[in-house]
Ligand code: NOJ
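Here we start with a single chain on its own, the form predicted alone, put down as structure tokens.
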């Protein structure tokens, strides 16, 4: 999964960055929510998971260690002291889990491949059994009419790469991801037609290499952190090229990013314009350079001596065209208003009374799933967007009758989906939606204490039980609309 991308503290100083004066102009017109109008007939409904969070079997069939294996076993790093060693045993229960996906009626499933299963040391000789599990999973999905969408990197970096070259601190890791991508593409794209390269750069770089919160738990100075982020952008570009070179013709590829989502506090033309400027500047370190082929002048000026070092050839690789962009959208990170001072926007503080879900970081702002794709599509001229993650944790208590009545999750989904529908009705090119998550799982630093699934998992018995939200989502998918 994924919480918020970047915290407000990391970008508070951007108020001094010079605005670039984008040539785009905001459309001030706001439409009303479209309620129960149907989604496009070819709209893709799906759900999503990631390897370390669900698979378990961390030492089976030749899998190497990942940085999350190491990190979760470090005392004090995971809130409940748990690890992903067992997770929810998806490695052994995948057929049952595919049946759960099918029961929702969705036609797509986004999963991630564990890099250390395929290359235990990150590079060198592949593990002969590395892709066997994913071959079985893909075949099972296709046999049940479910389209596989594979993610190459969802945070479980081989520990050997971290030990040897410092992980994302080195461009050697960028090249290693490209080689891994080529190997996977050659062997899976006869059946997998859509591949995400990396997931949530804005989370795993900043939290893992900047603030010591996620694996590998480093607190690098700004210059090294910016360089690590550049290496991930380079890895993405190399992976796109590798998939195109080694995969079957027609394979589609792009990244999934937890966009730093900027929402106009009041939807006036001036504030909408400010949200566009803010979106471009606050995403310049990854999405911007990938989609523009350059770092913005504002980003480089703000970074100063701490700016990443790069070559024109690297920028050319990073800017290799994508077939789609995945946006992971949960909560508004920034509400902004216009400012007559550089950089042209003002980031507003959140009041302590701002509502949130079971996870404190997950502020409730359904309009974010309207504004973030709309603004991103406009400033970067994106033609195909997937909402690659959206969902929420909930208390998920078991009622006396054994059911889970997660009304708050249903409220959250109903309101977010209505705003997404509004965007689509206005022409924003959102082609599909992957609900996070299929089932409860290992929620990173929160361990098993936060539940995001449509299916409740008893972590002792591994029994899966549908929550009321599963029925809600099944109804949305079946009708291709929200409500009657």
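Residue numbers count along the first chain shown, from 1. A quick note: this is a predicted structure, and the numbers were derived from the prediction, not measured.
The discussion below concerns the form predicted together with this ligand, not included here.
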Partner absent here, but in the predicted bound form, which of 85 to 93, 263 to 271, 325 to 333, 346 to 354 has residues with a heavy atom within 4.5 Å of this ligand?
325 to 333
Even though the partner isn't displayed, in the predicted bound form is residue 443 close enough to this ligand, meaning a heavy atom within 4.5 Å?
yes
Tell me, yes or no, whether residue 199 is in contact with this ligand in the predicted bound form, where a contact means a heavy atom of each within 4.5 Å.
yes
Contact between residue 280 and this ligand in the predicted bound form at 4.5 Å, heavy atoms?
no
Residue 183, heavy atom within 4.5 angstroms of this ligand in the predicted bound form
no
Within 4.5 Å of this ligand in the predicted bound form, all of 154, 389 and 452 (non-hydrogen atom)
yes
Among the candidates 436, 416, 68, 433, the residue which, in the predicted bound form, approaches this ligand to within 4.5 Å (heavy atoms)
436
Using a 4.5 Å cut-off on any heavy atom, which residues of 38 to 57 would contact this ligand in the predicted bound form?
53
